[in-house]
Every structure is written in C-alpha cells, then in structure tokens.
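Next comes just one chain, in structure tokens: the form predicted on its own.
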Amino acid sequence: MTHILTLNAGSSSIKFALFEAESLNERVRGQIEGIGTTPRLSAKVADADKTEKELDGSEIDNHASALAAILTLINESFSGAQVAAVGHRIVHGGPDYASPIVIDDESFAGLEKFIPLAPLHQPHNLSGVRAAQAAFPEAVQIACFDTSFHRQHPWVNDTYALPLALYEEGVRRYGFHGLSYEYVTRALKELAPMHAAGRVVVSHLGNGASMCAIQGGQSVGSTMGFTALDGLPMGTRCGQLDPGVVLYLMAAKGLSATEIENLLYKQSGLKGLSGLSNDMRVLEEAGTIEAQRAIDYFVFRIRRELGAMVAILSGLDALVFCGGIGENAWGIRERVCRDFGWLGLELEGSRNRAAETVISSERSRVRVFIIPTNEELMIASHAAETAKAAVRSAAAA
C-alpha cells in the first residue's frame, strides 16, 4: 500500500506523520526531539500504544539520521509500506509560491533565498527536504507553505509604508501559520458552515502565536508580517516591536545583526518577560510577579489584536482558538474573551473549562469554538493532490 509521509523539520526536531495515500487515514504520528544532543522518539501508531524511547545521541546527530530512525519505525510497524510522496512544511514561500509545489533543484534554490526571512525555520525545513530526498529517492517531494493561505490579502494588508520598490522586491506582509488556518477553516466549514461563510478570527496560540482575520474562508488580515516575529508575543519571540528599538540596539548597544536576531527570536517573548520559561504551563504555576506580567502582556496583546481583526472584518461572527495554548489553557481563553460583551461575545464558563467544541454562551451572538489544528493532515492532503497532478502532467507530456 502506498503512503504519504509528512515532515515538519525544526532545528533539533522532526515532527512526522504517515497517511494512507488514497484514504488519508492516519497510521503513525510522532516526533524526534533533541537531535544532536539527547534524542528521544515519541510516536503513536494506529491501534497500538504510544511509543516513547531514548535514542543514541551519537547515532541520531542530524536530520538524515533522525529520518532513518523514523523509517525504521515505519518499516517495523507496516512491513512493505511504500512512501510515494513526502509533504514538507516550508514556512516561507515568499511572493512567488501561492500553492504547494513539487520540489526540484530550481525550486529548492529559490526556497533557500527566503532563509533570511525565516531564519528560525527555513534552514531546518530545507534540511528535512534534503534528508527525505536521500531516504526516499523515488518519492515525490512536495513543499507546502505556511504563507500560501495569506497570498490573496488586500493590498493594504499586504504592504508597508516603504518605497514601492521594496514591495516589488518582496518586502511585504506575508503572514504565517497558514497550514493551520487552512485546516481550521475547512473544519469550521463542516462544523458550522454559516459561521465559516462569515467573519471569523482564528487565534493560533502556542510557542508560535498569531491571529488571522478570515472573510468567507479567505484570509484578509494577519498579525504576522514580513517575518514570523511580528504581532503577538510568543514563547521566545518578541512580537510587535517599534523598528526604532532595532536601530537603538545597533547604534547605542553595539549589537550585531546576528546578536539582534538571537535576542528577538530566542530570548524574548514569554521567556524574556518572565525570565523563567517559554512554557505557558510553567508560567501559570510559577506564581512570580514576572511570570504573571508575562501572561498579562500576552493576553493584552491578543485582546488588542482581536480588536484590530474585528475592525478589518467590520464585525465578527465566530472566534476560534487553536494551538497548544489556545486548545488547552482555559484561563487564557477566559481572560481573552472577558468584557467583550459590547461585541456580542460571551463565554460559558463550564464549557470553556471542559474545553468543549463550542464554548460561547447560548446568548452570545459571536460563536466561540475550540478546533484542534491538524497541520499534518493539511500537508498530506496537499501532497496527495499535488502528486496526482504531477503524474497527470507527466503522462500528458
């Protein structure tokens, strides 16, 4: 039986899932963390208990060796499983890619040019591609972009007030987390089609966090912009920042571009504000003033951006929470939605604490949902469609 493998490669981890090619039934889902240090595999194989085990750090020291361990797990679980296509989450597609593509040498070189726009993600996404090409030389390699969902933004939501030549060169607002938003939008259409056809704000809240204004299923505004730094504060990323701060860090503090990049991407956000952790669970339990202030700022920025998204949409019909924090932190959801009665939004406390699918009250005009995101299934769906199209194109030629 042929399968589709999905990969989401980070700096020291690979998230993966295996799907049957025709039905898209999920067979395996898991991740390897700590590549190059203390690697650990955790995976859930269909109809079996979850597997968790330590791996040999001297053997699992790069993406290629991690992928070999994943392949071993697949072969042990499904003898003779054939991987016909590998779908990759690629964070940045730049201005050129508005839909998934088959990766060849030319497109790979093009994607490398976007590394400066997503330095925390793009190099590792592409390392995963190279590892998969070596491990599955006969499989079709397909790039699925986090920016694609936002490529039809109105011009005013896509630009900065900079000289127009820079916009033409690609300095524009791209938006990210598109695979998550696309999945949630499709899921909402099945769950509540009338709301999905209206004015929706989706809050993807996790270690990476953003919000998206969606009108009739189409992204019309996003809190993220040119890079995945903008908008909401995140686990270790700063979110919205006066560009003058960067100039100050360069001129007055003498920091290099590399040092500023490290500060803004890896030392800021919840971690920087709390001086403790980027994990919301840790902060909620810590009880320190710094941890509480970090949470307060996180909530404040979400509420502020919710107001902005409502302005873009000229109203609101549905609010959706997804992502690790959005799906699991009932206290954050409660604080975000508090005092929005003027908008016609009211939570029902018991539903919210129980993390039900609909957590708004019966009298709330705005329906509030929790929809667990599934980027892997979205990638697999795109990979299946793109691989079939490639086969048809090759046959026609």
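Note that residue numbering begins at 1 and tracks the sequence as displayed. From a predicted model like this one, the values you see are computed outputs, not experimental measurements.
Heads up, the form predicted in complex with a small molecule isn't pictured, but that's what we're talking about next.
Participant: Looking at G225, G198, G206, P233, which is the one with a non-hydrogen atom within 4.5 Å of the small molecule in the predicted bound form?
Facilitator: The residue from G225, G198, G206, P233 that makes the contact is G206.
Participant: Can you pick out, from L117, L264, V140, M280, the residue that has a heavy atom within 4.5 Å of the small molecule in the predicted bound form?
Facilitator: Answer to the contact question: M280.
Participant: Which one of these stretches, 271 to 279, 286 to 294, 104 to 112, 167 to 175, sits within 4.5 Å of the small molecule in the predicted bound form when only heavy atoms are counted?
Facilitator: Only one stretch qualifies here: 271 to 279.
Participant: Heavy atom to heavy atom, is Q31 within 4.5 Å of the small molecule in the predicted bound form?
Facilitator: The answer is no: Q31 has no heavy atom within 4.5 Å of the small molecule.
Participant: Taking any heavy atom pair closer than or equal to 4.5 Å as contact, tell me whether I325 reaches the small molecule in the predicted bound form.
Facilitator: I325 belongs to the contact set for the small molecule.
Participant: Can you tell me whether V336 touches the small molecule? I mean in the predicted bound form, with a 4.5 angstroms heavy atom cut-off.
Facilitator: Result no; V336 lies far from the small molecule in the predicted bound form.
Participant: Do A69 and the small molecule come within 4.5 Å of each other in the predicted bound form, heavy atoms counted?
Facilitator: A69 lies outside the contact set for the small molecule.
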